[in-house]
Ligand SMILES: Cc1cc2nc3c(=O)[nH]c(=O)nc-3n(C[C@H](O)[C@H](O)[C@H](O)COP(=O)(O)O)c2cc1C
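Below you'll find only one chain, the form predicted on its own, shown as C-alpha cells.
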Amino acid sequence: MTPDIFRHLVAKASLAPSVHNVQPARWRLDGDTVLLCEDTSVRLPTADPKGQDAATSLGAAFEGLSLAASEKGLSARYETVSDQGAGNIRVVARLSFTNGASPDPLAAHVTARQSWRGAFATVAPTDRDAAMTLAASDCSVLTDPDAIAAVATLLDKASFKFMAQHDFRAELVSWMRLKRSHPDWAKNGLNADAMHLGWVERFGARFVMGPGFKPLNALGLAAPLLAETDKTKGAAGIIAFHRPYGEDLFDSGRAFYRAWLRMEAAGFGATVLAALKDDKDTASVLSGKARVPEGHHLLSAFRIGRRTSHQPVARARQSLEELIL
C-alpha cells in the first residue's frame, strides 16, 4: 500500500454518504494495512444518541474505500478493533488488502451519486417499471401513486414530530449551511445548494427553523411550511431499505451504500427519508405497507425519481489533510 494509492482510496471513500454529511471517518496508513477511525466529535447527541447512524456511516465509508480498491485490483477486508483511542479519535477497524480483485461495477457510479433534494421530473410508466427492478432481498419498492401519497403524509407527520423538538431542530440547523459565507459551506454539513434551496427558501429556512418556529407553530403554519408533500408525491418510487435483525450496523452501512449506488446505476436521483425510520410508529406502518420480510427491520427509506437536471452540485467534503491522521 503506497501513500499515493492510500490517498486515492481515501479520496474516493470520502464520497460515501454520512448522516447530516458529518463525515465521521478518519484514516491512518499503518504499513500495509489501514486503520479506519471515527471522529466522535461530530456525533449527533440528539438525533443519534447511541451512535447508530455514525456506525452505519462508517460502514458506508469502508464500502467506498473497498469499491475504490477494487478499481486498483485490490480486495479490502476489515477486522473490528476494540480501541477507544485518544481524545475524539477511536479506532474502528483494521483493513488489509490482497491482489487480484476485479473492478466492482458499482464503483463507476460513486462520483455521480449525490443526494437529490430537488423536485423530480414528471413520472412516466417506464420510470415506475425501472424502479421496480431495484427490488431486492433488502429493498422493498412502492410505486403505486396512492401508496406514495400515503407515504408522503406519513413522512411529513413524522418529520414534524422531530422538528417540533427544540434540541433536534437546533442540532439540525447547526449542520445546515444556508449562506455561502459559512466557514464550513464547502467542508461538511448540508449546504443550501445541496438542498436545492432558492434565495427565498434559504431565508425562510433560517426563520422558520429558528426564531419564527414558535409563533408560526402557534398559528398552525410551521408544519405546512416544512412539509415536502409535493416532492414525495412526485417520486417514481419509495424504497424501504431493511436488513436482518442483529446485523452489525457497520455491515448494514456497507449494504446501504451499495443499495444507493444501484439506484444511481438505474438513473435515479435519491434522497434519504430518515424520519420514516426514526419514528417507531411510522417505521412500523411503512414496514407493513412495504411488506418488509419477517426477521428484517427498516433501516432507512428513500424517495427516487428522475432528476430535472444532471448538473452536479459542488460537494461539501473535508480535505484529505483533515481525513488522514
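Being a predicted model, the structure only gives us computed values, none of them experimental. We number the residues from 1 along the sequence you see.
Although not depicted, the form predicted in complex with the ligand is the subject of the following passage.
- Among residues of the shown chain, A283 is not one whose heavy atoms approach the ligand to within 4.5 Å in the predicted bound form.
- Interface membership of Q165, defined by any non-hydrogen atom within 4.5 Å of the ligand in the predicted bound form, is ruled out.
- Proximity of L15 to the ligand in the predicted bound form falls within the 4.5 Å heavy atom cutoff.
- Proximity of V272 to the ligand in the predicted bound form falls within the 4.5 Å heavy atom cutoff.
- Not one of W27, N88 and Q318 comes within 4.5 Å of the ligand in the predicted bound form, counting any heavy atom.
- Contact with the ligand in the predicted bound form, defined as any heavy atom within 4.5 Å, is confined among 287 to 295, 63 to 71, 272 to 280, 29 to 37 to 272 to 280.
- Think of it this way: in the predicted bound form, the ligand has a heavy atom of just one of K161, R117, H182, H109 within 4.5 Å, and the residue is R117.
- Shown here without the ligand, the chain has no residue in 284 to 306 lying with a heavy atom within 4.5 Å of that partner in the predicted bound form.
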